[in-house]
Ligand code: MSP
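Just the one chain here, laid out as C-alpha cells, in the form predicted alone.
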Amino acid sequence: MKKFFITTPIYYINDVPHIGHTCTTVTADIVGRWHRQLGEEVFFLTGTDEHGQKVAEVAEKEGLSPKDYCDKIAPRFEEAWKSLDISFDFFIRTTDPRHEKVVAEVLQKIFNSGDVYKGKYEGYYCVGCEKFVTESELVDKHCPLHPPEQTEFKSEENWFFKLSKYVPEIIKLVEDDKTNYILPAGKRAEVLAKLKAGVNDVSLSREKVSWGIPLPWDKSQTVYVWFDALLNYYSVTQFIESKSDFWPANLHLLGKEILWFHTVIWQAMLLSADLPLPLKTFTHSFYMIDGQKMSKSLGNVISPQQLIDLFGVDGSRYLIARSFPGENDGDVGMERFKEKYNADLANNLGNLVSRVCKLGEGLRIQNPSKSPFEERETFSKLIDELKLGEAMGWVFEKFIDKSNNRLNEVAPWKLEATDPKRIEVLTECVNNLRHAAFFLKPIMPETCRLVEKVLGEEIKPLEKPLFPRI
C-alpha cells in the first residue's frame, strides 16, 4: 500500500489554539483524508512544541513549573482538534522522553560530522519567535511580529551549526524542478533570494535557558528550541516501530513565519546527519481579520470553539478550507463567514439535499455507470496543489450548482410523481449529490456520510436541515 506522511507544525505552547492553528490543521486533515480515500496508508502527525525561554517565562508568570504549564495547555490543542473531527494519527509533545532521546542522537551525529563549533553570539533575539534576528529583519530595532519588549539584545557563548556549508547544495535542490521541495512558487523565490544574499551559521544551543534538552556533548547548554522542534517529524518515526518506514515526510504544511526554518535549517540538519529529506513543504500565508492582523490586544482572535458554536463542525471546516490563504494573505471575519455559510451551505448545498429528499422520497435510484473515482483527476490535482478553494468550487459548479439549475429548469414539483421527466431530473440530482459527497467527504465528513445515507439506494426523508440558516 502506498504510504503518505503529512505533518502540521507542532504548535508553540505559550498560547491556546486560534484560527491560524486551525487553518493549518484542518487543511492537513483534508489532504490526509483525501489520500486515505484514494486507498493510501496515511500517517498524520500534529502536536505541541514545549521547550524554550518563552514557555519558561509564561509558566513563571502563572506560578507553575514549565512542565506543569505544558501539561495544562497541551490538552487544549488535542481537544480542539478532536472537536473539529481532525483525524490525526499521533499527537507528539517535545517533552516526550522518547523524542528527547532521538534529538540527542541526531545532534550527536551532526556534532560527529564536524558541523558544530563553539562561538560567541551577539545580536538581537525575539522571545516571541524564539529566534535570533538580523538587523535587516527588525523594524525600529524590534521584531515586527511581536511587541518591542520581546526583542532583546543578547551576548552569549553558544555552539554553532555550519549552516553556510550546506547553502550551495540547498540552492541546487531548490533550483532543480525535479528536487525542488518548496511550494508555492512565491515562497520558493523568497527562499532562493535569501540564500543567494548570503547565509551565516546559526546558533544550535542556548547558554542560559534551562528549560530544554541538554546538549549530548555539553550538558551546560540546552538545545536551541528550533533544533529540538524540527526533529519531531523524524523522531516519531524512530520511536513508534510501526511508523519507521514513513520517513521521509511527503508533506510538511506550514505557516509563512516558519518558512526559513523548515526549508533551509531543517534541510541542512538532515543533510548533516545523512538523513533523507522531506519530499515537499507547502507554506501558506496568514489570515487577516477584517483587514487587520490578528492580535489579543485588538480582541479579534477567533478560536476554534467560536467557529464550531456558530457554524457547527463541518460548517467550520468548510469555511476554513474555502478561505485557505495559500499564496497570499486571506481576509476573513465572522460576518464574512456568516455570509459564505448561508450562501454556500444553507441556501445551496443544504437546500438542494432537502429539496431532493422531499421530492424523491421513496424513489429507488441506481448508482450511475460512471463512478466519482473515475472523475477524481481534476479534484486530486487541486488538493495536491493545496488549491482548496478551487477544488471546492469545482465540486459545487460541476455537481451542486448544476443540479439546482436543473431543478429550477424542469420544476419537478409541478409534475406527477410517476412522470418520467420528474424521475429523470431527480435521478440526475441524486447522482450528482452522490458524486459531490464523495469529493466533499474529506472536508465535511459527517455531512457527506448523512447525504450518502439519505440518498442511498432509496431516497429517505431528511429529518432536519443539514445547515440551518444563520
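Counting begins at 1, following the sequence as shown. Keep in mind that this is a model prediction, so the values were computed, not measured.
Keep in mind that the form predicted together with this ligand is not shown, yet the notes after this line are about it.
In short, of 254-262, 212-220, 68-76, 354-362 it is 254-262 that has heavy atoms within 4.5 Å of this ligand in the predicted complex. The listed set F286, F239, Y117, W394 contains one residue whose heavy atoms approach this ligand in the predicted complex to within 4.5 Å, identified as F286. For the candidate set S272, N250, N232, T151, a heavy atom within 4.5 Å of this ligand in the predicted complex is found for exactly one residue, namely N232. Not displayed here, this ligand is kept clear of V167 by more than 4.5 Å at the level of heavy atoms in the predicted complex. Contact annotation: L277 falls outside 4.5 Å of this ligand in the predicted complex, judged by heavy atom distances. Heavy atoms of M294 reach within 4.5 Å of this ligand in the predicted complex, making it an interface residue.
Using a 4.5 Å cutoff between non-hydrogen atoms, W226 counts as a contact of this ligand in the predicted complex. Taking this ligand as positioned in the predicted complex, the residues of 14-30 that bring a heavy atom within 4.5 Å of it are, in sequence order, H18, G20, H21, C23, T24.
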